[in-house]
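Encoded as structure tokens, the following chain is the form predicted on its own, with no partner shown.
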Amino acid sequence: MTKAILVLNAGSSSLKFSVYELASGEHLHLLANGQIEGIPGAPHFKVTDHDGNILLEERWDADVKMDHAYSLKQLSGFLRSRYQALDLLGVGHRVVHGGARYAAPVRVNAAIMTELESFIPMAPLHQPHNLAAIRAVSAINPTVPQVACFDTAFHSTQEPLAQLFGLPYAYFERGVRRYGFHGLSYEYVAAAMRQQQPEIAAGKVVIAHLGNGASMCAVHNGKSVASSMGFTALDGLLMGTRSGDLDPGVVLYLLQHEGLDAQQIEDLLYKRSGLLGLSGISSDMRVLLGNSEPRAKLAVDYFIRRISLELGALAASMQGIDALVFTAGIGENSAEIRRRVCLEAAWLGIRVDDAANDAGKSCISSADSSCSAWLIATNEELMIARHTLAELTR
């Protein structure tokens, strides 16, 4: 039998998955990964092996009623047919919000599910779909252990001062605080830094997770000190469709003078703002970088500006910075964005090596940089698999 861990990352319109084989010495080896996207419209199911070879690709018509439960049935059928001797030890899930209580992965039960549902207002774009995948797995295989791995957990090491808002303290006690997100990505990158550059990892590092969802984190000796995201995944940097940092008075104005209700404001801030809202063209950085329209340039310029401001604030939170690390979709793939961010950060002692940056090298700063710059690919799925295995064998 092949012992394995299944990792699920459920979004509103997609279900991403990875299957890891437990090899000798508890080493996790990727067997397959992929996603079902286009839920519920015109679903597309694609699976590749660890070398990127396509194992399966299917498309369904728009009249197929695809939801997370149906998607998991398709995935389950594929796994049974492809890996007939698969012994599924457990399922690990990315769950965006763990609230103030969950500072580590946890094996899911009914009581925990009820508590995780109470965090939906703090992560309305993600939490409902994360939990829908857990329910769907339970319906298919009620005996398989499931482990929730939280994007907020990595930031639980922050001091209370870094978690506060300037509201009456009673709200902090009731859970209105800065949580931070993308923690699974930061945790993986911090671990990779310890392996690759231990002397730098022990210092003061700012990690920039730049993708459709974007944030930054100050990490000192491998632990989160401060982050750009706060109570929800709306805060901080400009994102694909999310506004990022916003004067709360703007929300009051929209309520009181623009006639928007709470649902309309939620839709505006999560789905119609960010790069898409500023440019009026696209939420995709690749599209905007290749577009000559003034508003495309405006959106990209503002994206860089917000990164620069956050970088200064996070460096201040550690009273210095030894390294800047880029990761996630934009951070890993856009040499232009990395170059511009480094140029704006020249005051911190960063000097970009254009040849290394264009080639996507691990170190993208020049030898004369007093603050180094790095490119490290994140792997949240592997981090979830590690946590799941540790929880199941604890």
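Keep in mind the model is a prediction, meaning the values are calculated, not measured. Counting begins at 1, following the sequence as shown.
Only in words, not in the display: the form predicted together with a small molecule, which the text now covers.
Contact with the small molecule, judged by heavy atoms within 4.5 Å in the predicted complex, is confined among 186-194, 122-130, 266-274, 286-294 to 286-294. Distance criterion of 4.5 Å from any heavy atom to the small molecule in the predicted complex singles out 330 from the list 32, 341, 330, 36.
Residue in contact with the small molecule in the predicted complex (any heavy atom within 4.5 Å), chosen from 230, 211, 99, 222: 211. Put simply, residue 334 is close to the small molecule in the predicted complex: some heavy atom of it is within 4.5 Å.
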